[in-house]
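One chain follows as structure tokens, the form predicted on its own.
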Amino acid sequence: MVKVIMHGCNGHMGQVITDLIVKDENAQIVAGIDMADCRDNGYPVFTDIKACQVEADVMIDFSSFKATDGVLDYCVERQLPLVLCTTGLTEEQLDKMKECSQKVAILKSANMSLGINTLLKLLQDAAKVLATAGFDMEIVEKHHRLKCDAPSGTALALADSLNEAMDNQYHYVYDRSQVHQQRDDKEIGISAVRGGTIVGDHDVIFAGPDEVITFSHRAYSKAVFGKGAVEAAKYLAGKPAGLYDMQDVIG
């Protein structure tokens, strides 16, 4: 039984993960940390991270980048493996995360979905065959109207996976409206759509002579990210210091 501390337990994703772990025979949330102790979760909730000294095997963090520095310090001090799901980290925080991973196990991924991370592996095999044969590669991502960043971190991770398969020979193009010329052979186009309540859609298009192959992923709820985080926590518990990602989990 993997014992989990849930940081950000009363946020939307914290509650999703709480519900998932209740049904998981191999994991248990033993404590939560959140600025607001506003509900009965079935486990103790601490409003001050330093006050939480409950014994655990791993922490899952789904909160705000504003809390990330404190979370990293806490996990290093307690030697508590960390599944870091919070997005929007600064370059300084990413550097600190890498430094802390030399002292404690940390898992960070651009997208916690098991489906997306499986797709990342499949795309590399596809690119080696199709891009080599002259197929153009394009990515179209769609998210809800409240999402501020574009393109999404997942779209960039997909592009990076394609590019890595091709020995990083490609460059990324985000906007063609000001470029009046034909498409370059060594480019990956990335287009962003924002509207409504779309949770997250990603299409990777291989367009070749007389045929098109499309890899698609649709997230219909944020539960897919929670499921990935739970699997990551079970994987990371007991691991030595180092920087891990979801590819390690599905591998």
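A residue's number is simply how far along the shown sequence it sits, counting from 1. Fair warning: this is a prediction, and the values are worked out from it, not measured in the lab.
Heads up, the form predicted in complex with a small molecule isn't pictured, but that's what we're talking about next.
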**OP:** Have a look at 123-131, 157-165, 107-115, 171-179 and name the one stretch with heavy atoms inside 4.5 Å of the small molecule in the model of the complex.
**Re:** 107-115
**OP:** Give a yes or no on whether each residue among Val76, Ser101 and Tyr244 has a heavy atom within 4.5 Å of the small molecule in the model of the complex.
**Re:** no
Original post:
What is the one choice in Ala67, Ala31, Ile198, Ala192 with a heavy atom within 4.5 Å of the small molecule in the model of the complex?
Top reply: Ala67
Original post:
Using heavy atoms and a 4.5 Å limit, would one call Phe225 a contact residue for the small molecule in the model of the complex?
Top reply: yes
Original post:
So in the model of the complex, does any heavy atom of Met35 sit within 4.5 Å of the small molecule?
Top reply: yes
Original post:
Is there a heavy atom of Gln93 lying 4.5 Å or less from a heavy atom of the small molecule in the model of the complex?
Top reply: no
Original post:
Is Cys85 close enough to touch the small molecule in the model of the complex, meaning at least one heavy atom pair within 4.5 Å?
Top reply: yes
